[in-house]
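We begin with a single chain expressed as structure tokens, specifically the form predicted alone.
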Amino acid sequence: MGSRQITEKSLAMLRSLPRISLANLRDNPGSRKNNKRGRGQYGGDKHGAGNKGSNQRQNYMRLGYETGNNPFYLRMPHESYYKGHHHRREYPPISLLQLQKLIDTDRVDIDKPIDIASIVKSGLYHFFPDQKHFGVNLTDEGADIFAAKINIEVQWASEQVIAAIEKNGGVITTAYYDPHSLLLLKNPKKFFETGQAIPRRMIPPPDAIEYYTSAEMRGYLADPEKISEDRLRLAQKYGYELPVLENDSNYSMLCERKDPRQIFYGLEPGWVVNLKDKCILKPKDEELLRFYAS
């Protein structure tokens, strides 16, 4: 075949082929290589665990810890606030405004007593007992627009919050839960699936006894008569008329309380909840009954 014929054949081929554009450009076969090598794709041999120290051992330092010999609370000893900060209990806040939104959107049922399990079930409140979170701190934001009549149990509340709830005819109680009890309240279904008996709630530590036995703070260990007196005192202080609970149609619901050793409403310590058969198993042995008694 002569050079002229080759030229004409090449021109004819070019006329029949589509025009070159970004849409039909391709790499030559074998020009690209995939260098991915699994967990060692960046050339290391530590599998993402670092070289030395906590990274290598996957033993991470506690919250608030600083490397070195002098953490910040020792570098500034004149600040007494820093002393023992990593041992303090934390109470993630939820405001009265947020609580009113949960009630208005039917995420919380006000016809039943409200506790931390009800608030967590709404899906809009999160706390982590393994990070020293000890429950709900109800704050006074939105106290002037809060209008629900509820029976609520929280772990921390101020005087303004107590007044805002009792002004509407509601009842508030502050109660202590140990970390293990809080884990159960955070995810009851997960605990019930284990088939274990419901444990007893622990009593408050010495530095929290005063708060939870105080009638002013509506502590769950306080004298009911002193609480009634303080309800009247608070109403006089803030200038509202205290509703009479005995005349309320929901009096039985508003007066419902947990036992100091009880974790769940309607479930006693020692009971086993069987989700598969949808039944509750109760202990009958006298020794177990004495052990789980309050």
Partner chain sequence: MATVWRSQYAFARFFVGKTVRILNNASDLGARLKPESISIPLSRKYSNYAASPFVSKIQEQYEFEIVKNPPEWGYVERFLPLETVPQIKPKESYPSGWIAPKEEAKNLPYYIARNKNHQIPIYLEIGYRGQRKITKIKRIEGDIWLMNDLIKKYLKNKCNRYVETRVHEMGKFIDVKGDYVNILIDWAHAQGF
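Throughout, rigid core stands for the largest set of C-alpha atoms superposing within 1.5 Å between the two forms. Owing to the predicted nature of the structure, the values given are computational and were not obtained by experimental measurement. Positions refer to the first chain, counted from 1.
Below: the form predicted together with the partner chain, not depicted.
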Query - Option from 212-220, 154-162, 97-105, 132-140 whose residues, in the predicted complex, bring a heavy atom within 4.5 Å of the partner chain - result: 97-105
Report task. Report the residue, out of Gly239, Gly53, Gly266, Gly68, that has at least one non-hydrogen atom within 4.5 angstroms of the partner chain in the predicted complex. Result -> Gly266
Query raised in the report: Taking the shortest heavy atom distance, is Ala293 within 4.5 Å of the partner chain in the predicted complex?
Result: no
Query raised in the report: Taking heavy atoms and a 4.5 Å cut-off, does Phe192 contact the partner chain in the predicted complex?
Result: yes
Requested in this report: Using a 4.5 Å heavy atom cut-off, state whether Asp259 contacts the partner chain in the predicted complex.
Outcome: no
Query raised in the report: Does Pro204 make contact with the partner chain in the predicted complex, using a 4.5 Å heavy atom cut-off?
Result: no
Report summary line: Across 244-280, the residues having a non-hydrogen atom within 4.5 Å of the partner chain in the predicted complex turn out to be Glu256, Phe264, Tyr265, Gly266, Leu267, Trp271, Val273, Asn274, Leu275, Lys278, Cys279, Ile280
**Report entry** Core superposition between the shown form and the other one, C-alpha change of Leu11 at least 2 Å
**Finding:** yes
